[in-house]
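In structure tokens, the next block holds one chain alone, the form predicted alone.
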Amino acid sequence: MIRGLLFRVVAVLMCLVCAPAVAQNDFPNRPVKLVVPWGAGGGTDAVARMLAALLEKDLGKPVNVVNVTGGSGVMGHQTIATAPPDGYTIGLITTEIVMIHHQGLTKFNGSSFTPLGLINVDPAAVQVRADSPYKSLNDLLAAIKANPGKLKASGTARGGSWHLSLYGLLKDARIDPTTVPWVPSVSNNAALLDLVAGGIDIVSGSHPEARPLIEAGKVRSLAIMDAQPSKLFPAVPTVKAASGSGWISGVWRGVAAPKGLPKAIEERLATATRKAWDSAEFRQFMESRGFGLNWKGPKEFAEFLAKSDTEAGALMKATGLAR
């Protein structure tokens, strides 16, 4: 009798030990949720939906995009970070995760996730109205120096990625960033429309966002904050070519899961993400919309997150954007 009881106890313990392994080997056996920290219809949402369709083919289960907005990206990123680390909730994390905690908006940062792959980087660019008297980046920088406080800029919320891009450029050019008042905007598109209407003088943002107004002849791009010219507008010089400044900045998107993801599930999702990124469908989608393709695997993405966080924190403190 005792022997039988011991056998049953051992059997139960073996089941408990083996259950996680079986679950991991069977992953996924139900739909996966892909959280987007931004609203439907935007660039991040569009990238997420294309990626979800490709992941679904590989994983063999539905991958459902869920938009969780609010708090300048805080709500969506927190939703990803606090989900059970079982692989059934992943998300598209964005540049803001290395910034918002410096503003005291959240306790989460890049180390709060299991990085699966960086998929996209879009450089920032400096836009002015087509009839602006500033024909080059040097013209604009000279006007800012000569008239501190006169020229107003926008592109996103205060302390957002495009704000930081412009302030970093000014700081690198030895110009006090606070001499260019920042007008908060709900989106880069709204800022561009305000630029065209004459409400502001400068917009910091990406070429894909400014493309319709540039092609319509209403906006002129003076420089791109990247090491290489833009594929969309190759005639626009880099910041280094235009002014001598080596400042490079932009926004990025990457796939991540909650921290503590089992290794087998991490590897499965990272492999599926890389396969989607490598596909002709994804590349054609990204290139047709002017989004930059950039891949970093889990280890490199983790290093990128840590480096970006340090750089963002230092710049935000130096320009008074951090709490």
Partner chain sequence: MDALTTAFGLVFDPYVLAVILGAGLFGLFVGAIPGLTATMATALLVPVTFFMPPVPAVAAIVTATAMAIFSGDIPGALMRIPGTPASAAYADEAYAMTRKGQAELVLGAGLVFSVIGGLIGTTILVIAAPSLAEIALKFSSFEYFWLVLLGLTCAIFISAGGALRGFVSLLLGLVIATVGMENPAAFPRFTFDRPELTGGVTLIPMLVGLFAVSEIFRFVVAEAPPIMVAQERFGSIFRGQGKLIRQYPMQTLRGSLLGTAVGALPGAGADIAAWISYAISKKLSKTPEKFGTGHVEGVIESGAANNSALSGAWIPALVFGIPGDSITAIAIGVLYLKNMNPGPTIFLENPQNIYAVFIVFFLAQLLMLPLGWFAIKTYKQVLKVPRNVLMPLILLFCMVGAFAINNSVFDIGVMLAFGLLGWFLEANRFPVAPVILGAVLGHMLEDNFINSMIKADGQWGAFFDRPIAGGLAAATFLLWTAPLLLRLWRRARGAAA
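Just so it is clear, the model here is predicted, and its values are computed rather than measured. Positions refer to the first chain, counted from 1.
The next section is about a form of this same protein that is not shown, the form predicted in complex with its partner chain.
Contact here is defined as any heavy atom lying within 4.5 Å of its partner chain in the predicted complex, and by that definition not a single one of Pro133, Lys171 and Leu293 is a contact residue. The contact residue chosen from Ala83, Ala142, Ala241, Leu193 relative to its partner chain in the predicted complex is Leu193, the criterion being a non-hydrogen atom within 4.5 angstroms. Interface residue among Ala146, Ala227, Ala197, Ala235 relative to its partner chain in the predicted complex, by the heavy atom within 4.5 Å criterion: Ala197. In the predicted complex, its partner chain sits within 4.5 Å of a heavy atom of Trp182.
Under a 4.5 angstroms non-hydrogen atom cutoff, its partner chain in the predicted complex has Asn67 among its neighbouring residues. A residue is said to contact a partner when one of its heavy atoms sits within 4.5 Å of a partner heavy atom; Pro212 meets this definition for its partner chain in the predicted complex. By the criterion of a heavy atom within 4.5 Å, Arg220 is excluded from the residues contacting its partner chain in the predicted complex. For its partner chain in the predicted complex, the listed stretch (91 to 99, 249 to 257, 185 to 193, 113 to 121) containing residues with heavy atoms inside 4.5 Å is 185 to 193.
Interface residues of 47 to 80, taken as those with a heavy atom within 4.5 Å of its partner chain in the predicted complex (partner not displayed): Arg49, Met50, Val66, Asn67, Val68, Thr69, Gly70, Gly71, Ser72, Met75, Gln78, in sequence order.
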